[in-house]
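The chain that follows stands alone, in the form predicted alone, written as structure tokens.
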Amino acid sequence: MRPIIFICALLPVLAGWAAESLSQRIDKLIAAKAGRQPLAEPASDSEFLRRVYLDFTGQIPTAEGARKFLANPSADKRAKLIDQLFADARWAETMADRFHVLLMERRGEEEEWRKWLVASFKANKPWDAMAREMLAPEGTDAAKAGAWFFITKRLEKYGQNPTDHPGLTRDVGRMFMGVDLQCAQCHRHLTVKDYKQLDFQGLYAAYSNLRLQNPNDTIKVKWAMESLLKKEMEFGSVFSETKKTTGPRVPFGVPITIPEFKKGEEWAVKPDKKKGVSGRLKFSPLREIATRMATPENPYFARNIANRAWFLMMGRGLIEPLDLTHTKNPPSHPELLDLLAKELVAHKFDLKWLFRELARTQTYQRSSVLPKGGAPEHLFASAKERPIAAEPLLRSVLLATGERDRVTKLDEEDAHSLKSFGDLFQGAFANAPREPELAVTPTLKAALFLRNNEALLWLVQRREGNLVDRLIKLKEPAKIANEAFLTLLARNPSDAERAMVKSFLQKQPTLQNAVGDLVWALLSSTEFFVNH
């Protein structure tokens, strides 16, 4: 009878745990890890409002939206706002922006890739399906053709360098399994014992077998052709004369046997360049890798995307750096990462569900003001300031200044067109190609842009209906301060800030220039350029 009694006693505990949402379980694990370390207070309504808008719509809220939210006394207004923003069409656009920067690391733009990303997030396509489409694109499927960009952009030559098959191999491991195998290409990894040369070479056997092809009548994007792979690839360490061989292989997995075919029977669909037919191999190393990598059975795959989703929401991964997962670099919260990966698999890699659960946590909704005594960053005791990427930054600037409609209507060649502004913001705030955007990194070029750029200063000149015009018409310093802070920072100014604005406006020879300078000062402030 004792086992039955024990099980009966345990049932309420299990039922309570099962009844809790993922967001509640996350907060318990964060609090348990913090121990006696105090946690930051909840973010103010204005801080929370600006954060969720930037994260899920790719721009700051409007002044009217901020005013309504701050005045709303409802206790559940945050939960309702999260649901509202996740139902907004801008969610898919914003996630496309964020994953483009995450996956491509500023290597360039491609319209079909952008369409594929937006369509995938709009349809809430599972992450494992998205990953397989990037790892082994189907050239004949027009709806998925944009997914080729992940591979083909990395196969393009730049400078005097040869085709970077090793770089593509490295990025497949980094982006989809969280392991950077670059230093294991020519020998065993010198600092990470988990990473073997075989792990790199197994991936390389598949991705070194690609040749870049130009668009044709059938495939409207650049694509890659797989060469026939008839035998295992030979490799050796630079430290040894011993030679080894491997077929295609997912890192830490088992070798994939290369089947034998009679001559002429290797193709399910034979390629025909004249007709633009890419062909389809009966044995495709890319398909084999994609099938074995992007699967619930590969723990590295689920843990990697869970870690990257956490990074996108919290500004820091549970594993840092994001692509150095190994036994000597454990997660800051092992149980939490296991939980996220397990639940993501259980929910069939539903990223929208995961991001919504993360947004509902107290951890995400904490203030960025450190608790008394400070706290180590890896404890997530307070919200981490995160950089706003160039694209949402530009959208926010144009929205705040009231110039979005005007610049959108201008010809692309105009110095103040949307394209011109896009190029300027990319140059000032985006990282160099192949350089991850992972932290707030103030730069001289950004500072000079904010201080001297003619186009930015043009935005703070008075024109009918723009922010400067609206503020001047208010006339009273207190009203000007309130509207400026609400429009640009989604919060009301403090009494000290109102007094400072009043003093500044009264000392200037003209109200028009003074208001323009006020808007410029708020636009170029640290508070505007980070997501608190």
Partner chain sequence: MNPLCKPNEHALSRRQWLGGMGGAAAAGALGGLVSPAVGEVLKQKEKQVLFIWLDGGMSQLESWDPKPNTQFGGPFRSIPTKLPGIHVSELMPRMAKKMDKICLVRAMRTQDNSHSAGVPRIQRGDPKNRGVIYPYFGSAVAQLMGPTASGLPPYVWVKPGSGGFKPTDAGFLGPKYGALAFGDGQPPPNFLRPATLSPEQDTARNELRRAFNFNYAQPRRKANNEANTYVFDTAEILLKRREIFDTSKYPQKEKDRYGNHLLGQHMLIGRKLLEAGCRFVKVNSYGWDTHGDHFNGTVSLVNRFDQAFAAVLEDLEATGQLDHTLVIAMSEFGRTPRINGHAGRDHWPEAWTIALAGCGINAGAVIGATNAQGTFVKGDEYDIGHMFHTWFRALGINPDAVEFDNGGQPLPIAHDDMGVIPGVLA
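Remember, it's a predicted structure, so these values are computed and weren't measured experimentally. Residue numbers count along the first chain shown, from 1.
The same protein also has a form predicted together with its partner chain, omitted here; what follows describes it.
Of the candidates 441, 124, 227, 237, 441 is the one whose heavy atoms come within 4.5 Å of its partner chain in the predicted complex; the others do not. Screening 156, 272, 414, 385 for any heavy atom within 4.5 Å of its partner chain in the predicted complex leaves a single hit, 385. In summary, the region of this chain contacting its partner chain in the predicted complex, judged by heavy atoms within 4.5 Å and restricted to 253-261, 298-306, 327-335, 78-86, corresponds to 327-335. No residue of the trio 93, 291 and 423 has any heavy atom within 4.5 Å of its partner chain in the predicted complex. Put simply, residue 377 is close to its partner chain in the predicted complex: some heavy atom of it is within 4.5 Å.
Contact check for residue 450: a non-hydrogen atom falls within 4.5 Å of its partner chain in the predicted complex. In the predicted complex, its partner chain lies within 4.5 Å of some heavy atom of residue 432.
Heavy atoms of residue 242 never reach within 4.5 Å of its partner chain in the predicted complex, leaving it off the interface.
Residues of 498-532 placing a heavy atom within 4.5 Å of its partner chain in the predicted complex, in sequence order: 500, 501, 504, 508, 513, 517, 518, 520, 521, 522, 524, 525, 526, 527, 530, 532.
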